[in-house]
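One chain comes next, on its own, written out as structure tokens in the form predicted alone.
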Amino acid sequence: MKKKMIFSEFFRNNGVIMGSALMGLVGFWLIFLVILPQLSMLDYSFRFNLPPADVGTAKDVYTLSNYEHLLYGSDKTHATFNTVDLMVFVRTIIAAIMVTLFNIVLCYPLAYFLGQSKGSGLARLLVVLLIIPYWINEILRAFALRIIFGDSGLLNETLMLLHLTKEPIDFIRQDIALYAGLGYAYILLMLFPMYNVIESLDRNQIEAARDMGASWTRIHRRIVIPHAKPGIVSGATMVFMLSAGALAAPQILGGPSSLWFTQLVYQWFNDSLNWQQGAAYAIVLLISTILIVLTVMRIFKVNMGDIGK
């Protein structure tokens, strides 16, 4: 009954023609650009990698071998685990979590400042300065960061000029450039959800808490952070999912030992031409990240409705 009221109100506000067009476009995007490709990928993941002539024949049956390969590699006896690919998967998830936490710590003070500025000229200028660098392509930004973090890059030259280091620091091999690049690539996706929520916070609550003697730490812990929780979870979800599924930044900024799980997926699809194995790896990454996000939302008692506000 409630759903019928929502749809009737939607068509009443937008008209039958415009409402139908909007619903059709949303349905097309959801079905043909999200659901069907994922279902096709899921079907691929349970198939053998067969020559084109054998596709559709008796050999083309469903199998779990692609998922078993992730766990055991080429060991058909299942005696040993595929430690290389599994460690890459675990390292990717942990790194994505660390990038997300880094962005939360970095963006929260800035979002609070912007949200409490209430559209001042300085706040608008700061927002514009944050957006302008994202007019440049992501790959170009990644190459620029590689130049900055290189042995003879701006950062190392500055550190040696100030006599803080005697020789260049290998930021690439230590993965510092990679984590900084991932954090920078998705920082706006963390900042703006926080900003939108904090902006709606009534300043009178903060002033009342200050008048009653509450410290700034207590104000943020008891008032601001609970109010901003939907924005924090929304931004964290986007940053975590995109960091775990990133490809350009790990390819360009990653060191020799910083193989990303998406690079394994890319290798299966493009180098080995084994779409079935690549699909299985992609599905594992997708399901794992979704389960982690849902678990965090449950722990912090945030639902989808709160994120969509």
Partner chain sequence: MSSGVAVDLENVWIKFGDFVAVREANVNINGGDFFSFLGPSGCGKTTILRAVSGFLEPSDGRVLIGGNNMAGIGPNKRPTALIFQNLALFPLMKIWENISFSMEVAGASAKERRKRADELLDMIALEGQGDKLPSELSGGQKQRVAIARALCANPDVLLLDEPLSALDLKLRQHMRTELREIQQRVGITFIYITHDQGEALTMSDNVAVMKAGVIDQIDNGHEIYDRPATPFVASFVGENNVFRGKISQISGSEAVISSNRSGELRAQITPSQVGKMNVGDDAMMFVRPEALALGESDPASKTTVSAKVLNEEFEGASFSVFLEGDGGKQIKMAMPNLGQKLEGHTGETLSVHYDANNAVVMPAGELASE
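If you're wondering where the values come from, they're calculated on a predicted model, not measured in any experiment. Numbering follows the first chain given and starts at 1.
Missing here is the form predicted in complex with its partner chain; even so, the following discussion is about that form.
*Asks:* Do heavy atoms from each of 202, 211 and 227 fall within 4.5 Å of its partner chain in the predicted bound form?
*Replies:* Contact check passed for all of 202, 211 and 227.
*Asks:* Please determine, with the chain shown alone, which of 172-180, 73-81, 93-101, 216-224 has non-hydrogen atoms within 4.5 Å of its partner chain in the predicted bound form.
*Replies:* It is 216-224 that comes within 4.5 Å of the partner.
*Asks:* Looking at the partner-bound form in the predicted bound form, is residue 207 within 4.5 Å of its partner chain by any heavy atom?
*Replies:* It does: once its partner chain is placed as it appears in the predicted bound form, residue 207 has a heavy atom within 4.5 Å of it.
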